[in-house]
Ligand code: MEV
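Here we start with a single chain on its own, the form predicted on its own, put down as structure tokens.
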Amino acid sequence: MKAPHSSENIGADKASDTHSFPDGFVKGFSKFNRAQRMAVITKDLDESIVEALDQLLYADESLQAVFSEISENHLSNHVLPLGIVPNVLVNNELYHVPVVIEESSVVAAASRAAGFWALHGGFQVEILGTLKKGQIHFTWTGDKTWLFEQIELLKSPMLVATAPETSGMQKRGGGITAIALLDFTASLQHYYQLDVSFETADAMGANFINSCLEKMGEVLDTHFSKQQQQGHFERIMSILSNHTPECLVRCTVSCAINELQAMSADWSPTEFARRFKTAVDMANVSVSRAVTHNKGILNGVDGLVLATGNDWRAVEAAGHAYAAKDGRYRSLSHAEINDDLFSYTLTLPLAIGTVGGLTQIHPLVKQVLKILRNPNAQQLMMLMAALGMANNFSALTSLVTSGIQKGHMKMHLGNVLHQLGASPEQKIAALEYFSGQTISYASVEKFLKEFPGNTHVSQ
């Protein structure tokens, strides 16, 4: 089917018609049906693309309708594996935790560490805070003292204006908890923030926070429009912040050093603990190392964030901001050795939810939450922190013992063999051959080329 391109078919903005559009530019793409979008995207491309995209659609039309409505300009469904990290013991309660991730070594690493710590006291996790923030960003040219006085007077009217939004949230223990005016004029001329704190119960709360901020902003607009003799007020934007340093969870594992024998490989438990702590300390002084170290933590966290339909981009942004809270980017975790006791702690901001958003409409997310026994937001925060700790502990263990590639590439051997077009016989032989060796793409390619009777290896 040929997609329409004329402005009368797509209702293009009249102002845009004065512009000269580059070849292939598509106006009104969001108004096309799926067949029309497919025609545009696959024009002059291999016909197999259409078939491949069609194969990933659900046969159940009502189920597919849900996925089609989740995102704009839908073409097909992108599938990632849903796996399980078993034996995650959090505050003496055992979970088998679903994760969505494309990297098998992450699941294997988290599973290994979870199993070890389940036999050594498990993950001890506590919620340090659940406050989330949003700001009204505005400029003001008048007297500062007068402005601060006006904001104090306007707090009550702003709370009244948000009552339709906050009444339901207050019944669940949430709502607006504080309003403060912040002065940024030393850094940017005339710039102020109205900083608002929220409790959002089991919701992530983005829509709730933004709705409240918009209502509060309207109160400011109305008030200052009548006070123009005092100065010029301009509201620039009202938006939640993904910086959540007061929405924190802390996870700790600890054991006697001699109990680390199972993880220490060729090192003594004492030497292993020392090397492990040194590796963490390095991530506190080297930004290059800290970024990779924290990415390893988020490997574990993100898998559960995705599986539960939460916003992994917000989680990662908040995590990296918190890692730089003292002005230098550092490790999110901290290791200690006290006499014969080893302990490892992770502190992480996590603004997530178990109600609202995809949790209500995504069919797989619903099942994931059931597997987790329908946790509330704080319980889910704890599980995410535990997975972050598990993955990071396992990754560091590999780094300071056998090296990351031995285990990492072992988990990827199947992917490499598939990519190189190995036959079933070659795959069996390769799995046996590489069982005790360090694996690389080049070594697998060499093995297949030298395999008896080999005639072809995909390049």
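Throughout, we count residues from 1 along the sequence that is shown. Everything quoted here is computed from the prediction, not taken from an experiment.
The next section is about a form of this same protein that is not shown, the form predicted together with the ligand.
Site annotation in the predicted bound form: the residue of Gly217, Gly357, Gly296, Gly134 reaching within 4.5 Å of the ligand with a heavy atom is Gly296.
Contact with the ligand in the predicted bound form, defined as a heavy atom within 4.5 Å, holds for exactly one of Val416, Leu57, Leu399, Val66, namely Leu399. Only one segment in the set 284 to 292, 125 to 133, 193 to 201, 318 to 326 has any non-hydrogen atom within 4.5 angstroms of the ligand in the predicted bound form, and it is 284 to 292.
Heavy atoms of Glu103 reach within 4.5 Å of the ligand in the predicted bound form, making it an interface residue.
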